[in-house]
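Just one chain is shown here, as structure tokens, and it is the form predicted on its own.
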Amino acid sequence: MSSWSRQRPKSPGGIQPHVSRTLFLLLLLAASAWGVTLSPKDCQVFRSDHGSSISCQPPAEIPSYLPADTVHLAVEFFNLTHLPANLLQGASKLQELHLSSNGLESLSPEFLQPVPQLRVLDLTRNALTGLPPGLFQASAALDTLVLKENQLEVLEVSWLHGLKALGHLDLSGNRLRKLPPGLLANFTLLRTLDLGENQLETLPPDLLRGPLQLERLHLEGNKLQVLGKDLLLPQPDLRYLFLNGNKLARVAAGAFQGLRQLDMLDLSNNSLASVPEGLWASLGQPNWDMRDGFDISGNPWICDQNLSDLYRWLQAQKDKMFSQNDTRCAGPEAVKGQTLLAVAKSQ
């Protein structure tokens, strides 16, 4: 590892005069062995047979050019509203680009054109309200796109045109209230979709039509009130489903039908008082045991005969149940405050 400055390398003669020669030699040795940066204006560079990895954080200065073999670039924690226009010029081998925590407000449509091999783009914790159409026209190799904790209130399908290999899409922590139809229609390789911590009240019925192998779906921390029967139907191989922290008061019969490989289900902290009979029939079967567990705590369950189907399922799956002590009855009065599991055992 070495250091990388936005300017051409200079001799180390500018070191503070009060630093002894011995200390300077020790620092130089450490820099050689571990890549410690001697100048606060330098970025750190790790070199390997696969190429150079550059990391820049304040007080370092953003480089005006990059080594041609750069494969990893992190420019993070700067107070930037816009990026230097030619930041990526000459870095055609770049595979990972991390731009988190910069305050970015916009990106140029041509920004990613110099880096057609890019696989990871992380834009976490910026101030983006949108993306320019055409941004990903040269990004056919991009696998991971992270737009977490920006200021997106809407999404346009056109913003994502050009993404042909996308496997991980993180839109969590924004201000999204609704999603456009056909958003994922062309993302056949998508494995993880994170829409958590937004303000979604409804979801388009066709949201999950497109991906052929979705494994993780994060919808926690929204304002969803209903889970329809057809939303999950296109994803029989879904393994992790997070619906916690919504306002779900109704889950349609058959909503989980066909989820033959579900490992984890989180329905905690919603407004569920009852669920339709047969809802759990396909979950936790002998051929697939929901091995990572489930959580239905923090709901106002009305523990009457309408939960008979749930009682039977809980008895069979109790070893996989999280937060058992926080899964309690809100009524009727005779069982109010009792755990759901205790009521199930008494039936």
Partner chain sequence: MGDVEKGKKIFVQKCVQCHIMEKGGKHKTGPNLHGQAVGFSYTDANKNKGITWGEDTLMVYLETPKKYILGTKMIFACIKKVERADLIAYLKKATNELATALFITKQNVP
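Residue numbers count along the first chain shown, from 1. Remember, predicted model here, so these are calculated numbers, not experimental data.
The following text describes the form predicted together with its partner chain, which does not appear among the structures shown.
Q: Spell it out for me: taking its partner chain in the model of the complex, does every residue among Ser100, Thr144 and Glu220 have a heavy atom no farther than 4.5 Å from it?
A: Verified in the model of the complex; spot residues all in contact, yes.
Q: Taking its partner chain as it sits in the model of the complex, is Ala281 near enough to touch it, meaning that at least one heavy atom pair lies within 4.5 angstroms?
A: Answer no; every heavy atom of Ala281 is more than 4.5 Å from its partner chain in the model of the complex.
Q: Is there a heavy atom of Ser323 lying 4.5 Å or less from a heavy atom of its partner chain in the model of the complex?
A: So Ser323 counts as contacting its partner chain.
Q: Can you tell me if Asp292 lies within 4.5 angstroms of its partner chain in the model of the complex, counting non-hydrogen atoms only?
A: Although its partner chain is absent here, Asp292 would touch it in the model of the complex, with heavy atoms inside 4.5 Å.
Q: Would you please decide whether Glu105 lies within 4.5 angstroms of its partner chain in the model of the complex, comparing each non-hydrogen atom pair?
A: No, Glu105 stays farther than 4.5 Å from its partner chain in the model of the complex.
Q: At 4.5 Å between heavy atoms, only one of the stretches 251-259, 152-160, 212-220, 229-237 reaches its partner chain in the model of the complex; which one is it?
A: Answer to the contact question: 212-220.
Q: Among Lys148, Lys247, Lys178, Lys164, which has at least one heavy atom within 4.5 Å of its partner chain in the model of the complex?
A: The option sitting close enough to the partner is Lys148.
Q: Just one of Ala127, Met264, Ala138, Leu80 has a heavy atom within 4.5 Å of its partner chain in the model of the complex. Which one?
A: Going through each option in turn, the one that passes is Met264.
Q: What residues in 61-87 sit within 4.5 Å of its partner chain in the model of the complex, counting heavy atoms only?
A: Residues within 4.5 Å: His72, Glu76, Phe77.
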